[in-house]
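Presented as structure tokens, the chain that follows is alone, the form predicted alone.
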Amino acid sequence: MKYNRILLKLSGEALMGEKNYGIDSNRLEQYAQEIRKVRDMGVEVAIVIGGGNIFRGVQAEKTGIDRVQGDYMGMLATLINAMALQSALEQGGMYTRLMSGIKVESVCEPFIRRRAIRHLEKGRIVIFGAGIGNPYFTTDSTASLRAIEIEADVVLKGTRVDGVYTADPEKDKNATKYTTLSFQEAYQKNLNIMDMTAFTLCQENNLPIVVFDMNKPGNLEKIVSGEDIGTLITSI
């Protein structure tokens, strides 16, 4: 097994499935099944999920909402998704803990690093909601920071494309896929993988990133087993 402890980053938009808004129960169930496969292999799993299917804080200013207020609204959206994912995982027979960057004691624990690591060591899937609890930080930054804090082996960024390309493969048929990249190459080529804060955190802490298609069954299991799925970004 290549990775023993992973941080899985999922976008909120991915939960929409075939819908235009909200949460697709079929997609939620599919993700729960994929996560269970790797958990059954003995992999320790932590998850960060976005909230873009419900509300995106960065777009709030366009509607006249204060940016800081909008970011907090976005954090609450991630908690809604995290609770939905937690429910799907538990219905699949898995033990979970939901930890939040802001205090919402009725539904989740506050994030405490040592407690999160202990949950992982006990085989529980840990879901991190509400970002890092501060505005102006994305869920990509949350994923990078939490992965470093819990000493994860890798950040697995699940998307709807099978890796990083020279251009948007949905718009440019001539776009070619990168199998591996260094952080420096990604900077130089101005590839849109994560926001700069998240990317720099991974680079400075030698934390590899794998960008892959989460919607293809079996991909997550293959990655933790060591197969070359998606695009691997490393310091070397």
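Residue positions are given as counts along the sequence shown, with the first one as 1. These figures come from a predicted structure and were not determined experimentally.
One more form of this protein, predicted in complex with a small molecule, exists but is not displayed; see below.
Residues placing heavy atoms within 4.5 Å of the small molecule in the predicted bound form fall in a single listed stretch, namely 75 to 83, out of 75 to 83, 106 to 114, 88 to 96, 147 to 155. Proximity of D24 to the small molecule in the predicted bound form: non-hydrogen atoms within 4.5 Å are absent; the residue sits far from the partner. In the predicted bound form, the small molecule lies farther than 4.5 Å from every heavy atom of R36. In the predicted bound form, the small molecule sits within 4.5 Å of a heavy atom belonging to S11. Residue contact check for T142: one or more of its heavy atoms lie within 4.5 Å of the small molecule in the predicted bound form. Proximity to the small molecule in the predicted bound form holds for none of Q184, K189 and T234, with the criterion being a heavy atom within 4.5 Å.
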